[in-house]
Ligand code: SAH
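One chain comes next, on its own, written out as structure tokens in the form predicted on its own.
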């Protein structure tokens, strides 16, 4: 480890910055956020720094650098484009045992600026000792994607209650208590902005912990359930909230539409329970009875566990999430609903088929293709022009769907598309018409999960879309080469 990662307290501390350009300005922004008293030594200032100087936010010395400018400073930064000046700043700082950073020159620096994830008071710093700023930025982006924007609120919530917990619980009981707060329903409520609910649950959890540690009760704290939409299949299309809760879950109830790549984003220690096809035999084929899924959710939550009910697409779009929500509410189980990208949206985007288009389709309809719901469908409405209709779960009944649409007045020349395993590497898209799509699907061996898209837009591809919009199809290659910057310059 070439650098010791530390956090300096600079509130009201004098800091000297030599240089008045854009690079210096980025460093000064960080110092001001930390409450430092910044003096800028530079003959001229960029527009942003000049405005700050005029507002009295920084002190400006319109002079050439002299070593005496560092007298009394707690930290020095050199951000000029002149090697001789930067070297002079480094030497003057070192002679005063003063931490110094010379931008773009680790050899002249005694510290570097890391890439920063700021969820104050939670702050994460990432560095590579100046070896790879671009890689450092990438790592920062990966971490930042996993940290809720409201994480700082949770840290403040905990900080404001530390004294009360210290007075209420013995030292041996505090760690497990705080772990339950951070990873449990209290933390979840704080992160989603429910301060009142978080406080009530906190007080309840604290009372339960006091009773448990005193031996007054053997009651187990109630867990919670997360109804999570896993999206159309590509794990990169999971929402940030879904990733966060998958990392907290103790048990994951998942169905056959959730690929292994999505499951691998969950907490490694979590128990995974398959509740899709293959459990029992039912009228639709092998599947887990929905009542059994309800039973598992309630049972695990009553054991004090955090349960992720992970469903393909979105929980409330043909996912029976409404039924599961009713069950949880009826049994008093706390829950969180996390929307997912429903299959129609994912498949359309991955296939280049816009569900709406001002010249072809002014609306779109999502329909279940299962025959049990056939009688409830308004087939004449689905056969009308100037719209897009997407059938879920309709591959096995494709001929029946085409027949009903045709009988309701849809022309056999109406474009149609089958999209199999949308957003996954093995995705296939077949385009045809109502007259040809059944034969095309049979010949290609299209199998679930797959969607049927009906409407004029189903015939579009990138080139056709560009022509329909009246614009030529153009392609441009854009290349950007990152300069040799310290970690923080790319933060």
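Positions refer to the first chain, counted from 1. No experiment lies behind these values; they were computed from the predicted model shown.
As for the form predicted in complex with the ligand, it is not shown, yet the points below apply to it.
Exercise. Could you work out which of 454, 38, 451, 437 is the residue within 4.5 angstroms of the ligand in the model of the complex, going by heavy atoms?
Key: Exactly one residue meets the criterion: 451.
Quiz item: Of 338, 257, 191, 262, which residue is found within 4.5 angstroms of the ligand in the model of the complex when only non-hydrogen atoms are counted?
Solution: None of the others qualify; the residue that does is 257.
Exercise. Mind telling me which stretch in 84 to 92, 307 to 315, 181 to 189, 123 to 131 gets its heavy atoms within 4.5 Å of the ligand in the model of the complex?
Key: Only one stretch qualifies here: 307 to 315.
Quiz item: in the model of the complex, does residue 319 have a heavy atom within 4.5 Å of the ligand?
Solution: So residue 319 counts as contacting the ligand.
Quiz prompt | Contact label in the model of the complex: residue 392 to the ligand, heavy atom within 4.5 Å | solution = Output for residue 392 is yes: heavy atoms within 4.5 Å of the ligand.
Quiz item: Can you check whether residue 266 is within 4.5 Å of the ligand in the model of the complex, heavy atom basis?
Solution: No, no contact at 4.5 Å.
Practice problem: Indicate whether residue 357 is a 4.5 Å heavy atom neighbour of the ligand in the model of the complex. | Solution: Outside the cut-off, so no.
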